[in-house]
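Next comes just one chain, in structure tokens: the form predicted on its own.
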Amino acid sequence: MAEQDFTRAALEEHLAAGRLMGVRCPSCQGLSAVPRAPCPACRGTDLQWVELSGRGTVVGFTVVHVPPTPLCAAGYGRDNPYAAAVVRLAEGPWITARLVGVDASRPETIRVGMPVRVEFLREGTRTVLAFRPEG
């Protein structure tokens, strides 16, 4: 992978290696959990990959009863929903990912402010980002 390759494919390579990476702009110190160039804040192009802690808190979530086709094939559906969350990482950026280790059929057990930690799910040839409640 090229050092300056800030694409979804590059991010997926980091996920496959078990690293949650973000992109920092040295010009404005902006940090994003989603790779994109140029910097969305200052349009700087001298970006750097930085490893993120993988810790954060749930700031919002939803329960999905009608999943996309790959998750239907994995067994999710009306009788087996899954949860997706927006997580504010300890370093500040927000990211959306699947929430595992929760009972999505009982959403009242999931709460905003819940501390979570990153988890890398192997699904076929892909690695999918997820978060699991800590503790």
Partner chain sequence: MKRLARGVCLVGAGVGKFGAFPRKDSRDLFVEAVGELVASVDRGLDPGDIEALFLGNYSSDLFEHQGHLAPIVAHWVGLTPRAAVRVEDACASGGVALRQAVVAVASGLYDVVLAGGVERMTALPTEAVTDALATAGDALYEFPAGFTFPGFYAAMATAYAARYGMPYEALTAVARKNHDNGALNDKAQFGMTIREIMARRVAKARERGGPVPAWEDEREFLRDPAANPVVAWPLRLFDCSPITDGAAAVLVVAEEVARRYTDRPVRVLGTGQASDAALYGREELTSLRAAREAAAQAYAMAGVAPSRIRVAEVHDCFTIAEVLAVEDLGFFPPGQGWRAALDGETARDGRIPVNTSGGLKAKGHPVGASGVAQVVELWKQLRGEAGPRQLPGEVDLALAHNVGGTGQTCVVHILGRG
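Numbering follows the first chain given and starts at 1. Source: prediction; values computed, not measured.
This protein has a second form, the form predicted in complex with its partner chain, left out of what is shown; the following refers to that one.
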(Q) Quick one: 19, 37 and 89 and its partner chain in the predicted bound form, is every residue within 4.5 Å by at least one heavy atom? (A) no
Among 44, 107, 30, 101, just one has a heavy atom within 4.5 Å of its partner chain in the predicted bound form, namely 107
Exercise. With the cut-off set at 4.5 Å between non-hydrogen atoms, does residue 23 touch its partner chain in the predicted bound form?
Worked result: no
- Please run the contact check for residue 69 against its partner chain in the predicted bound form: heavy atoms, 4.5 angstroms, yes or no? yes
>> Can you work out whether residue 95 and its partner chain are in contact in the predicted bound form, taking contact to mean some heavy atom pair no more than 4.5 Å apart?
In response: yes
### Contact label in the predicted bound form: residue 122 to its partner chain, heavy atom within 4.5 Å
no
When its partner chain is considered in the predicted bound form, the residues of 100-135 having a heavy atom within 4.5 Å of it are 107, 108, 112, 126, 128
